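For reference, the chain that follows is the form predicted alone, supplied as structure tokens.
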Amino acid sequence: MARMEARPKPVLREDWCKGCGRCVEVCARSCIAPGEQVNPGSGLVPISLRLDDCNGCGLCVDACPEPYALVAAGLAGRLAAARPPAPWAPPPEVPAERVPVPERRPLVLKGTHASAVGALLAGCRHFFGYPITPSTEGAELMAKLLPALGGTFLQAASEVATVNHMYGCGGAGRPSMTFTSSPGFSLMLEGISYMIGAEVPGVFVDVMRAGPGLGNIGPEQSDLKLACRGLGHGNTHAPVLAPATPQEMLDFTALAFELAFRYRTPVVVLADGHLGQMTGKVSLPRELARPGLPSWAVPGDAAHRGNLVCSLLLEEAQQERHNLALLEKYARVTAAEQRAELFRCDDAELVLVACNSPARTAKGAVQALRAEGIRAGLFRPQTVWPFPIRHLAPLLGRARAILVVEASDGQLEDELRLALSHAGRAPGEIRHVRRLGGVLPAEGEILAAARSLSAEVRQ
């Protein structure tokens, strides 16, 4: 009687196994058991094989829903000997284009409307958001204009849904944005952290209001700390622009899209409730953007099929390398993107530091102080992360004191002091004028504090 040839036993390809257990159920000899160890390549727990009693029936191979997770020994050998696939080569980048804008007379626009126009001129055709005062007017204008421009406006189910829509849109290489305010911005932080980790671009216009909690809809610089230091767990930073006029609401929103794709990162435009509702004269730029398509994007076509946008790296060494790469990117942003406006600072002995709406009042105070013979100047950070210490440092040799004017409990002053410390500069005398709860610093308060400080340092 001829001897039966032994049937091949199964071989497990761990990276493909998701541990569904179907093979465990069909094995009549209990050769397969649920696994206990996470596979670092897949993040899943593959099954374990004990093949001493296996008769090679093949039922487990037939039951496996994953291609080639459980295979016969012969096929496993042929797969191992097969030529490895060629390294993935993404397609070339489709560059963005600049298109001339016909000359137009200036417009009179509310701050949030100016920001929406800036987004449209930057090529944004995808908006996701959830209404929240005092930012809703920007979303309303996008809802009116985007359909006529072939774009997409989606009112999401929540702020959490909003940021995840933006993750998907940015991952496809498309410019997207949202308008929100302080409580809504807080809800978006987990998704922003994912976007930073996965290096996904997107623009967040946060029109700050008073807090904590729901607070009220009055203007406050309540989110400076969140935007500069709290964009999520891990080593998370993103550029934060601080406009002070409706014109800058337009210009900085357009700039935010440029930075978002230059550095593959979310960008925050940090306004306050007063600025969001303020109306002012706005001039349109001479060019608008026609977006391209980055080579790293995942838009769903065959050419980009090998790309991956993800923030999940389970191997510790790989995650460390990714963090080091992010830190290197933050260093490049810090070196290249510090922005500030200096007003009457050339000979200033007293430097006022303020941004957003309080900077407008502080500028008026500087003019009044100059009329009194006090050599005052205004240093206005236009980026609060990175803080523009490179522009401030040259003033410190002459300036005897700094007066920080803000509508928060010292969040701007903390950024100033931290930047001075990292730059190894002695801060000198630093005082402040602070208001909270939706109350902005008044010019009289600033003048009184400035006069007192100026007289003190001259003694």
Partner chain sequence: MSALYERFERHDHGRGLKAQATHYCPGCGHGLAQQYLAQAIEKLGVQDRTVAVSPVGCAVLLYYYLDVGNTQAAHGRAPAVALGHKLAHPESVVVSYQGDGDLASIGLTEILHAAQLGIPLTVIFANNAVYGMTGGQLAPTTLLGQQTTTSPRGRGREMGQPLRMAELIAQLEAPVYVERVALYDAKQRVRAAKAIEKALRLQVEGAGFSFVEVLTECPTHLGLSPVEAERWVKERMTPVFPLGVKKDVAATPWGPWPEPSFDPEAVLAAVGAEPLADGAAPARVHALPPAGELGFKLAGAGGDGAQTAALLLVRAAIDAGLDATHIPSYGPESRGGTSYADVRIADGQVLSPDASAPDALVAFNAPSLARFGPAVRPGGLALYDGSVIAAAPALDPSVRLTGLPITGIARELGQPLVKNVVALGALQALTGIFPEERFLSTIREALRKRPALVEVNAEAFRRGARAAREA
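We call the rigid core whatever largest set of C-alpha positions still superposes within 1.5 Å between the two forms. Residue numbers count along the first chain shown, from 1. In this text, all values refer to a predicted model and were calculated from it rather than measured experimentally.
The protein also exists as the form predicted in complex with its partner chain; that form is not presented, and the subsequent description refers to it.
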Fill in: in the model of the complex, residue 95 touching its partner chain (heavy atom, 4.5 Å)
no
Worksheet item: Taking 4.5 angstroms as the cut-off for heavy atoms, does residue 128 touch its partner chain in the model of the complex?
Response: yes
Worksheet item: Taking 4.5 angstroms as the cut-off for heavy atoms, does residue 106 touch its partner chain in the model of the complex?
Response: yes
Worksheet item: Can residue 194 be called a contact residue for its partner chain in the model of the complex at 4.5 Å between heavy atoms?
Response: yes
Worksheet item: Which of 206-214, 362-370, 328-336, 385-393 has heavy atoms within 4.5 Å of its partner chain in the model of the complex?
Response: 362-370
Practice prompt. Scan 136, 186, 277, 236 and let me know which has any heavy atom within 4.5 Å of its partner chain in the model of the complex.
Written response: 277
Response to the item:
Checking 51, 38, 26, 33 against its partner chain in the model of the complex, the residue with a non-hydrogen atom inside 4.5 angstroms turns out to be 26
Worksheet item: Taking 264, 401 and 425 together, does each of them reach its partner chain in the model of the complex with some heavy atom inside 4.5 Å?
Response: no
Worksheet, complete the sentence: Looking in the model of the complex, the residues of 416-447 with a heavy atom no more than 4.5 Å from its partner chain, listed in order, are 443
Worksheet item: Taking the rigid core as reference, does the Cα of residue 426 move 2 Å or more between this form and the one not shown?
Response: no
Worksheet item: Any chance the CA of residue 444 moves 2 angstroms or more between this form and the one not shown, core superposed?
Response: no
Worksheet entry | Exceeds or equals 2 Å, Cα of residue 22 between this form and the one not shown, core fit | yes
